[in-house]
Each structure stands twice: as structure tokens, then as C-alpha cells.
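This document contains two forms of one protein chain, each encoded as C-alpha cells and listed individually as structure 1 and structure 2.
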Structure 1
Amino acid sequence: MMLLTGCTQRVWNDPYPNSERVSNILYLSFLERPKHLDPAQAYSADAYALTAQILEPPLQYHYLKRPYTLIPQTLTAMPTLTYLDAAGKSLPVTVNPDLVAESVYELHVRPGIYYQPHPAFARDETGQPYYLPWRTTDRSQIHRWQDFKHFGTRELTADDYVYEIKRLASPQVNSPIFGLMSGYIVGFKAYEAMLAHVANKAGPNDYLDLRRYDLPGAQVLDRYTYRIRLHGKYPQFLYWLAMPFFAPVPPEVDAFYHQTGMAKRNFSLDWHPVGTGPYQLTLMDPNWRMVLERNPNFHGERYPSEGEPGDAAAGLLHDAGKPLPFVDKVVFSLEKEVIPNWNKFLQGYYDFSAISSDTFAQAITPDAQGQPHPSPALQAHGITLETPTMPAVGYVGFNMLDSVVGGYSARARALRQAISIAVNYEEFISIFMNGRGIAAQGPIPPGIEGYRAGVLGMNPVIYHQVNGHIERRSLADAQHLLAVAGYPDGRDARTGAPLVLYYDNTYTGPEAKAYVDWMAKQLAKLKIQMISRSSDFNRFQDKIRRGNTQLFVAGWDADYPDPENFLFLFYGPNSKVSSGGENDANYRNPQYDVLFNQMKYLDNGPEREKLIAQMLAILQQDAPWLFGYFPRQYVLSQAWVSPWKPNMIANNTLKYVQIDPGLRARRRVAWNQPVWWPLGILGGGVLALVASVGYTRRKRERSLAR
């Protein structure tokens, strides 16, 4: 009876409709609206939070296994790979990469997968598309997505995957990965040029039916099979096949959205993506709320039955074999401010919460070993904490083209090493990140092949071993290196002029000064003077592109869990100034480049690990970066959320989340009983004011009468 009362009792501060009280709905918040949802354009975490639940690329990451493991998502098996030489002859898998002219992937789509209901699939009595062409009568009656009355579906085919690959090259779509992929997919550049020519003739926004234009690098073999051809060997391509860029797009949906009047009503792939995934987007109002609901046509998937050692004990295999997704609906509400977001989490109106620096002290209590735990108040609510390390690195780069900090001479190297010792990132993590990070010994974060924790992974240039622990080298070591570099006591030994370095950053807001002052303080330890050059994003990027920097603040988030995705940031041919690549420091070391070219073709294993260790040793000696920190994400979840495992690479993890809506409803009622007495006091105050005014009035009138 009490349970029933708890579930049905209404509280006054509930921001959700009464009808949702005990529904199987997950409530989350978002800070910024996603820029794009079109799979060919979306390239940010806030977009993936939605698109990864809707769209299904051919591959996905196993939810529980570590290291991160790719598995088929819509395929019958992992893609088959054949290497061909220049004559088109098949080569063994272990062949020297230099001999590989082409990599050919064949992918077989599982039959029986259907798309979510969508108006583009609707057919009339004669079997013709209902909304293609979009009749004028319908056009005048349909203004919102809910106004569509006819929906349909169809089976997923290989053609849809190939169509999306072609879209990546379309100048109408302007995909951010076209530049990168044009170096690999056979005929991609020429295809883009041809499409640009066709689009110019047709009009920049007219519909181009890409099925009419063949792309040699992506071809349909039969209804369920397609082939992708790449130049040379590119093993990391499999990771790209797990990203929404390679999710299927049905051509009729693209044609549907290109009709007159669609864009005006925000009916586009960018606003209403279409997929075969566990959820469909049913409300897209990024200024208020975005809602995912269970896709009734979802092909079905089961919760994994195997994971890492320890997963079973953590309760992560309790649901093994159960059908996914667990939650019927996911509601994302816009919360632009930290405080309301946090207070609503405390009231039970959000199921998960990140922790901002404003609420950190209230949320986290470290134990005697310094390990973070939810504060006693949160623990009393049954709130739990996960602290995964993100596959990302925050760093300060040295511009290797700069005449003072750049270059490869012993002096320049010593200068960078001295600064690397002096800038204390343990302190930075403690002050600015509330301890939510790990000081980096190199560019590869935990969870990625090549990372080694503790003494094994120590950067011997910056740290040394003391009683089995690693410790930052002393300031005396840094001063010695600075003297070797020709700047004893922070002054040029030849001219006596003080060493002044420019520090480029994009810091804004009230915390900017604290960041800049901290860095100035670090350099001042070596008596190096620092001038901060804070600029907006555009100016900063412009300086980086031109190589007009000395020290600059930057960061990198992994696209996929492979060391190549971090080590390529130092590969000479990727230099920002010379080629516009992602090597912002413009680092170029021939020995490193040779090792990189060997490493990138290898599978994970001892041989690759050895090469990575050599590459890291070169980087540590050359010190082209201050290897800042690997950020850790602190995520709180409510007591009614079943045990879950953070997966920092996969984005399609909402299907694994399970909640107990009954417990949530009872806790919300218990936590949110209204307090009425302040209103009584307020009412009393108003009455007292009215009474005193009345009293004054009577008094005045009487005094006038006298």
C-alpha cells in the first residue's frame, strides 16, 4: 500500500508530466545543442549522444570487454579483408605493407533489419511513395513532424551503406572526414570533383541521386553485400566503420528531405536522422528537449554474456542475454546552468550527473588514500560514482618551427625539457581539476595500447623513481638543463637578455586569469618571463595554422582506441604548417616517422608495443609537448540505475542502461515533500503590511479631523 502511495503521490516540484511518474524513462540533461545530426556531418560528443542510439554503423564496440573490442552490429560477421598488389593479385595478411596496393573489405549485412517508421517509406494504395513527390495539399497541412500521418519502413540493404559513403564525398554535404578519407577510399577525390561539377549544373542544394554515380571505392555486390576498397593498408579503417559516418542512409529518405518546403520546416537529415538502431528521435527541440523513444522495428540485440574479469562480481552480467534496449524512452532536457542541473539531480529528476567544480566539494569526499567517493549525503541516497579516464589528452605544445623553443639541437631540447620539469601538472590537476586527471608521461592515455601505468611508463626526462614511486625531477635539474640550453637564470648567456616566451591560449571568463597566472608562476620558477596571448578560437587557430606561436594550449580526444590516433599527432607529414594536418607542434623526426609507419600497420601485440615504447622514448627526449594530463570523468548515478560500466569509446551505450522506475518514483516523493510554512510567514507579512497601512490611514484621518 505504501509502495502504491509512493508511486502515485504527486509532488509540486516535479518537472515532468504526471503520466510519466512510473514510466520506464531515462532522464538526462544536456548543456549544448548538437550542431549536426546528419551522420555524414556530426562529429561531436553531444551529437553522438543522440545519433549513436539511432544509427547503426556496420560495427560497434563490445560494451564490457577491455581493451576495446570491435564486434559486428548489423553485419553477419566481421568484414573480410583482402590485400591486393599493384597487379590486383591477392597477398597474404602478413605481407610487407609497402607491397599492398589496395585493401579490400567485404561486408555482409544481416538480412531482416528494418528501419524505424518514417514518412519517406510510406506507400499509398498503389505502392507508390506517399510523400515523394510531396503533394501541395499535404504541404499546406504539414508544418510539424507530428503532422505526418503516413509512415512506413523497409529492410536495410547494402545499398544504404554505399549511399552514405558516397554522401561523404558530396560537396552538398561537406563531411568533415572527406579530406582524411579521400587519401584512402579509391576514387574518392575524383568522385567529389565529379559531384561538384554535377551539383554546379543542378544548383548547390538540389537533390543528387548518388546511386546514379558509381564510386570505385564503394560498391554494392548484392542486396546484402558491399565492398570498400582502400589505397594501401589502413588497419584503423575498421574503427571508422564503428562511427556514425559509415551508418546507412536510405536514398529515398535523402530524396524526401530534399523536396521543396522540407528545409523550411526543419525536416532534414540534420534534424530528423533515420536509422535502424534501438531508438528513434521523436522530439527534436534542442532549445528545450530532445526525446528518444524505442524503435518498434528494432532488430533485437541481447545484453552481452561475457566481459572482463570482475564484471560478473560487479553485477554487470546479471542481465546477460536479456533483450535490449532496457529503457523505453530517453528524455534529454536542456540545462544551461550548473546549479539548477545539480539541484534537480539531488531531487531525483535526473538519473545521471556530471560534477562541476562548483559542486565538487558537495559531491565528493576523498578517503584516507585520496580516492574519491560520493559524499556521505549522497551515499545516504544510494548515489554511486564512476571515475573513468577519458581517451583524451590535454597538453601545451611547443611550436617546433620557432627559433627559440623549436628545433632539434641539444640546446633547444634542453630548454623544452627544463620547462617540462618546471611546469607541475600534478599541481595543475589538483588546483584546476579537483584531482580529476592523471599527469601524462606521454601522449597515450590509459586504456589504449602502449600506455603503461606507474614506473613502467615513467617519462625519465621529467620524472625519476624514488622508493618505487615516480616523482617529478627537482627544480635544480630543470635549472641545470636551462643553463645547458644557454639560459642560465632565465637569461640569454650571450646577450644577458631575459628569456621571454609567448603563451597562446583561448582562455576566457573569470578563470582565465588564474590559468594564465599559474603558467606564469611555473615558468617564473626558472626565471623565464611569460606573455599570455589569449585570443578567440578563430585567431588562435589562425596562429596555429601559420606557426605563429611558441607555447600553445591544446588537447586531443580519440576518434578510436588505437595508439595511432595519438601518435599520428607527431608524424612529420601531418605537420600543421606544411600540410594542414593535426600535428600542431609541427614536430618532425625522421626516426620517429619511420617507426610510426611500421607501427600503424601492426596488430596490437609485443612487436607493436616495442615500437611504441621506442617512439615514446623519442618523444620524451625531444619534448615537443608538455605532456599535460589525461582527464578523468566523474559520473554520479542514482540508486535506481542498475550497475553500468563506463565505455569511453562507444557512444551507443544507452541501450544497456536499466532503471527501476518504481524505486525512483518512491524516492522522488520522499525527497520532495513541499514545505509550506514559509508561505504562511510570507502571507503573515503581507497581512501585517496591510494592517499597518490601514492603521496609518486611520491615524492620519483622525489627525486631519482634529
Structure 2
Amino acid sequence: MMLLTGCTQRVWNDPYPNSERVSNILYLSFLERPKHLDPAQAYSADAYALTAQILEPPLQYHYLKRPYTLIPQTLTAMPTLTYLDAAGKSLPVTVNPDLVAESVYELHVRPGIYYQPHPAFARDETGQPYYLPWRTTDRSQIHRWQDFKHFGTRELTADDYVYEIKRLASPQVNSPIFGLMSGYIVGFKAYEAMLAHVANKAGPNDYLDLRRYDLPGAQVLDRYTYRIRLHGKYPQFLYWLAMPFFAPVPPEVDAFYHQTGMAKRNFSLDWHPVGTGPYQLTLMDPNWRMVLERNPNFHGERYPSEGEPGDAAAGLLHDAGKPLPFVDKVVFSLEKEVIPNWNKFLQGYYDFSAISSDTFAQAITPDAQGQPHPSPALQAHGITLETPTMPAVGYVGFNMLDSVVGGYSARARALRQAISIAVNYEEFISIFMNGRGIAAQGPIPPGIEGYRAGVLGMNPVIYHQVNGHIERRSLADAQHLLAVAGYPDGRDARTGAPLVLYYDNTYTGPEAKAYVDWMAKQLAKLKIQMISRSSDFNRFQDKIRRGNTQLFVAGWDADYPDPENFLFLFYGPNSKVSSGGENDANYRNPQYDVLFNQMKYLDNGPEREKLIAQMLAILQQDAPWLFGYFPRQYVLSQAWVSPWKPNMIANNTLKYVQIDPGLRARRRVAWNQPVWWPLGILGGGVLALVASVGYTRRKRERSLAR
């Protein structure tokens, strides 16, 4: 048997079928099933990993260009935009935003785009829908997705996009972005109220045909053209048009899934979304595996032929003009534990891998300058490393309503500045993040308009320039500011009482104490005493809503790559306590608010950059946050994966990934050869034992009886 194993290339521990050994398949892992795949509800990275490959919003991000650039996906061109005054007359693009009553976007869908095969599109010989209504005989025979015998398709139309916009207001859907969009899309609030009234009269599971109810803010003009009307001016709306919320949903698919018996069999948009993208979901078993396969009706797309300087040298333009997608199938396997996931990557069974704290030392070796590289063992396997900075920020906020750390007096400002200098986030990144982050100089991360690297973007309150490099100011500077604030040596100059600050957080698990102790140590540099108040997430959010905090841990991930998405976190009218907005520090500076209202309506350019620089200078002086860090994601890829470029905003990037299945198959065989010598030792031991027993028995049989 041992000799026969050498006659095959089959690897004994291969978790995939032998028929896939040299197939053009991308192998990835997932930690847990996404809660929603319905485009009107899905709002998480694990959901987008699937839906963004299936669904096609009208816009997408250019794969290679930075800063992130929007381009058409299913449109003939970028949407046309017209501004109207209160009388409905057109206004010039450069008009004062206060004069804009409506922004009108017109979108033209490209003809010839077809949906993936789906039972909802199936027709019988008379042209009628085969599964609408769902016959009783069908219900008794169909229990799994594979049981459907009839599939069909049809062309993408403007009505499909408008139907999805209407679904955002449906009480049967409860979209998480309805609240935001109701302030912009014309007639959206009234439309939601009307649908709620209609739904109350119908059964809870009855199909609500939204085609019967017109929405003023989303109108079909012809088969391929639709119009979206917004209140006022909202330039950031274009970014939402690149998110699955605005992807098309065919009405007949929605009706198909609302039929009796569908939900019981997990036939729904949450389990089986339907789109025009490069892939379709063919297996949805969240306890084992999720599989995307090439959509046979995909309209086609080409790899970009231009990018940033340096992309060509990095091999990123080698495939320019080639048809997408490159891989035929994407297999996501469930991995609940870090170590098994890592071991399978090392064995070649996953094509990409993140790096956890448990595997960091094994995976990464820094060079003399401290820059990360794959360890020598990984480099010997041809494994490469990408370290993109995420469009996110982690920070500690000051509650500006608090009588001690809040307020806008010179003394309060000095206290926050002193603490900002003392809390060393370079040390935090090194200890708790294995260096996977960048100390923040402000709220805008790299890759977003307004971010400036190095000395140009330095926060002069916290850092200063030394020999062309930026360094955190000394503890003496922080102690001086603390004395200005009225707390020399950490005591109130008037009463002599020690300064005690409360630190609210949601830290749990084995590392919680280490995080809290580190923060206490930072404040202890200034002889400030700290009391940690850890609580569960719901309790913590309640404290934030009520303003019952002093210092609190928080973070923000970008919804879209615009500086407005970070700077609005300090806009006064967005205060958490007064209006329930995302300004959880409750910061309010009239000068900043004026600049924000000017900045948010401008396109990227010199004028906007100037306003952003002024806003950042105000924030740096007022210090409503300990600006914290911008996290970096470390991603390893195997040698058989072609050069790729991380895009931390776009989610539909699997179509750009290319692999060499033959090289992968050879490496798997080489890396997973069975080790036979332990069996040899075991066999030798067994033989020795048998021989010993046989010798003893033979000796006894030949011995003389007494």
C-alpha cells in the first residue's frame, strides 16, 4: 500500500475533491455566516465578500487608482447631475449650495446585461412564469436549491434599480440606511409611511408589490434610464451608488421568494441573492462551505489598462485588457479556529491568509528599519505580504460636555493636549498590534483626500520635527501643559485633590486587563489617577448616548472614501447627546462647523484641501480626541497568486484575482508528503515485541518440567 501511494499525485490530507486538483478555483476561509445577503439589509464586510461579487450597483471603484476613484459599472457613463432651485429652474454647478433645492441624478443603464440563471425567470411553453405561482406539486418535490429543474434569465432594466431603492423604505425590509436616505431622497419618509399603512392591512408575509406605488425621488424614464432626486446638495451620494444597497433587485425575484414555503426552505434574498455580476452563489451551507461560481450570463468586463505610477513595474498591468473574472470558482470554507486556518494556509489549501497575534512571530520578520517582511520560511515558499492601511481610525474620545475634560477654555484645552502627548500610541501599536498600525495625526486616514504623510501632516501640538522626522513631544511638555490646566503634578492647584479620570471601554477577555493597565500607565506619567469602567456593548452605548463619560474608547470605519465621512464626526449638529448623531465626543466649534458646511459641498481640489487643512488645525488645537491610530491589515498570498493590489474600499475585487492552478497542485504535493519513518519505528517496535513474545514462549515450551 505504501508503494502504491507513490503512483498518484493525490495528497492524503487534501480537504478538496481530487477532481479540483488543477482547477481554476480560489480557496478562501470564513469565520462565521453573514447575517444578511439581501442588498437592502447587508451592511458588513463578511456579507460584502459575497454580495459584491454577485450584485452590481451602477458604480464601482477603479481597481488600481488612488485616491479611490468612481467609475461606471453597469452604466453607459457617470450619472449626469442637475441642480434645481425652489422654482425648478436649472442652476450652474458652481452655485451657492444654499440655493440648491434639489439635486437630480440621471442614470443610463447599459443595454445587453443579463441576470444569472434563476428559477424566478423560468417560463413555460406559453410564456408564463413557471414558478409564479409556486404549484403544490413543486412544493412537495423541491426542498433544496438543486431540486429546481427550470431556470431562465432576462435583461437588466432601470426598473430593477428603482425597485431596490423603494425596498429601502419597505417595512418588510428594515434597511439600516433608510434613516439617512430619508433625509435626502425626495418623498422617502412619506413613502415609508404609506407602505407601512399598506402592510398593516395585509398579512405580515404577504408580497408587497412596490411597482404599484410611485416614489417621487426614484422614477423610471424609459427601459434603460432612471432618475434620482435628492433634497439639497449631497455630493457624497455618488459613493452610495457604489454600494450593494443600490444594486438592482428584479421584482419577480422578490415575488418569487415571498411565496408560501420559500422561507421554510431558506429560499430568500438573504440566502440566494440574484445579480448580474461575475459570480453566482451556488452553495450556501454556512456550517461548512459557501461557493461562488462563474455567472454564465456575465456581460463581460476587462482588466484596467491604467493605474498609479509604479503599478506597471509591480506587474499590476500585465493583464491589461484581459476579460474578467480570472477564476472560475471561489470556495469559502468555515474555519472557527485560528491555528487550523493558519496550518491549512501553510499546507497550500488556502490562497490568502490574514495574520493573527498567535501566528505573527511565525509569519513576520522585520528588517533593520522595522519594516515587516514574510519570515524566511514563508519567503522560501514564495509567499508575499501586503500591508494596506485601512480606511478606519481607532481613538479615545473626550466627552466635551464633561466639567473636567470637556469645554473650550484654555485650561481645558491644555489638559486634553497634555494627555494627548502622554498617551504614546506608537507604543500601543507596537505592544498590542504587532506594529500593524500608524499613529494618527488627525482623523483622516491614508488613501482619503486630505491626508498628508510625514511632516506635512504632522500634528504640531503632539509632535515636533527633529532632523526631518517627526517625534512625539517630551513628557516635560505634557507636564507644562498640565500645570497650565491647573493640575501641577496631577493635583488640583486650588484644592490639592488628585486628578481622577474615568475611562469607559468594552474590553473583555484575557487581554482586557493589559489594555486597561497600559492606559493607566500612560496617565500615571502625569500622576493622573484612572478608574476603568468596563461594560458590555449595550451599556457602553447607553453611556455614550447620555453623555455619562469622560474618556471613552471608540473607532470609525469609512462608509465611503471621502474626508466628509470622518470630519462629520466633529460637526456640532451631529452631537450624540443633543441629536443622536455620530459626534460621540459632543464637540461643537462654530468656526469648524462653518468650514465643514463649506467643505462638504466641494469636489476634491485645492480649495477643498485648504478648508480641510484649516479644519484639521482646529481639531489639533482643541484635541477632542486622542487621535489614536490607523490600523493596517497584513495579508499573505501564495506564490501561485498573480500580483494584486489591495483596495480597502471596493468589495468586488475577486474578479481581478488570478492564480496558477498547476503550480499550486505541485506545491501541495511537495508540502504534504506523508512522513513514514514514525510508522517504521512503530512497526519495528511491534516486530520486536512479537519477536520477544515468541522467543519467551518458545523458551518456555522447550524448558524441562520439574
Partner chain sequence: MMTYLIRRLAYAVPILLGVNLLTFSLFFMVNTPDDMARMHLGIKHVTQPAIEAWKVQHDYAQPLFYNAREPGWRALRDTLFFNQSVRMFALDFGESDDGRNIGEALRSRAGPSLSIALPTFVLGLWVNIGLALMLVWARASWLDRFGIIATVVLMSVSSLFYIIAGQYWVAHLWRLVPISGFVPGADSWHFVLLPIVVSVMAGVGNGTRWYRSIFLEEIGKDYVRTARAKGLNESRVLFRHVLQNGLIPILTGAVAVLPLLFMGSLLTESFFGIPGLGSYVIDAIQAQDFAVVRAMVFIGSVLYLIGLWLTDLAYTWADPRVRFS
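Here the rigid core means the biggest group of C-alpha atoms that line up within 1.5 Å when the two forms are laid on top of each other. Residue 1 is the first residue of structure 1, and the numbers go on in sequence order from there. Remember, predicted model here, so these are calculated numbers, not experimental data.
- Shown as structure 1 is the form predicted together with its partner chain, with the alternative form given as structure 2.
- When the chain is split into two rigid parts between the two structures, residue 697 and residue 582 fall in separate parts, each C-alpha being assigned to the part whose superposition fits it better.
- The angle of turn of the smaller rigid part against the larger, between the two structures and from C-alpha superpositions, comes to 20 degrees.
- On core superposition, residue 677 has its C-alpha offset by 3.0 angstrom between the two structures.
- In this core superposition, residue 689 moves its Cα by 8.6 Å between the two structures.
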